[in-house]
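Next up: a single chain in structure tokens, the form predicted on its own.
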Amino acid sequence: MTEILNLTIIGGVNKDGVDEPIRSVEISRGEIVGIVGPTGSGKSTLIDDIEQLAQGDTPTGRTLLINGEKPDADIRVDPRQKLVAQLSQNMHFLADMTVEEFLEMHARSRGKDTSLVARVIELANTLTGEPIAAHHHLTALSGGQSRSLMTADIAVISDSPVVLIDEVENAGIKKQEALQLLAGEGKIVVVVTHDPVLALMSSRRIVIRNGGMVDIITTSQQEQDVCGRITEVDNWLMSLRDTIRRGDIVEGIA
């Protein structure tokens, strides 16, 4: 597996065939970068270009570089060498096996020790209010449990150094902790979001309009302070949802 120190997006054209104003974006290991813009502006198209490691062969004409160089052709087509993992709001498991069986199988396929299974489950349980156990069947997991398990699996077992996240704000997962976990494991994290918490916890955010990259905004200290305040509110709302989900009485609201 290629060790990725940085990923570079070379700009192409927008929906009108005009060159994108932003001609190059470099993203480093452990960095969280947001993609923001109006609905239909082309955010998911940028994610698709990254996922395919586009080489000027997609409608946008963008080119992706790995450590400043074009990736080998086999990296783009061989699933065993896949450099990019993707998490989305609409994902569920189809395999009829237990959580433990799935994680052990994945660990063996990656040449990893199966003792990592316990750590994956432990981390997954920090990201969801619904406990996950080794004996649980994958098909019985909720959407939030599935995404929490996959996030922890990608962080610990997967070799994919790049993680693309598309709209997880309403996905039943502790989103800030999920992003921090992935970045803390040295992943390059690119997240499409309308959520102010996720946008402001990113080090930078790429602004998309009419299919093109039009601006890059570096998160300021003031924005980081705002992020901290709204994170407190967001965590409170998550706790409130868990209370209601358990069927408990909500108390202490002024």
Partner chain sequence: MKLVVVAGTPGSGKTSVLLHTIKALIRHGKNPAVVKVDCLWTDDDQRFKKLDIPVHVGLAKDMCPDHFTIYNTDEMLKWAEDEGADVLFSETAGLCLRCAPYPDECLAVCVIDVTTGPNTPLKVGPLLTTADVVVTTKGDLVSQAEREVFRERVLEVNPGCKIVEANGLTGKGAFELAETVRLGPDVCDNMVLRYNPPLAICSLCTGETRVARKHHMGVLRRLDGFMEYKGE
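Positions refer to the first chain, counted from 1. Computed from a predicted model, the values in this text were never measured in an experiment. Superpose the two forms; the largest set of C-alphas matching within 1.5 Å is the rigid core.
Keep in mind that the form predicted together with its partner chain is missing from the display, and what follows is about it.
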Heavy atom of each of 194, 217 and 229 within 4.5 Å of its partner chain in the model of the complex | no
Name the stretch, out of 221-229, 24-32, 205-213, 48-56, where some heavy atom lies within 4.5 Å of its partner chain in the model of the complex.
-> 48-56
Within a 4.5 Å heavy atom cut-off, is residue 140 in contact with its partner chain in the model of the complex?
-> no
Distance check, residue 88 to its partner chain in the model of the complex, heavy atom within 4.5 Å | yes
Tell me, yes or no, whether residue 95 is in contact with its partner chain in the model of the complex, where a contact means a heavy atom of each within 4.5 Å.
-> yes
Answer yes if any heavy atom of residue 113 is within 4.5 Å of a heavy atom of its partner chain in the model of the complex; otherwise answer no.
-> no
Which of the residues spanning 94-118 lie within 4.5 Å of its partner chain in the model of the complex, based on heavy atoms?
-> 94, 95, 97, 102, 105, 106, 108, 109, 110
With both forms fitted on the core, give yes or no for whether the Cα of residue 158 moves by 2 angstroms or more between the shown form and the other one.
-> yes
Taking the rigid core as reference, does the Cα of residue 81 move 2 Å or more between the shown form and the other one?
-> no
Indicate whether residue 101 shows a C-alpha shift of 2 Å or more between the shown form and the other one, with the rigid core used for the fit.
-> yes
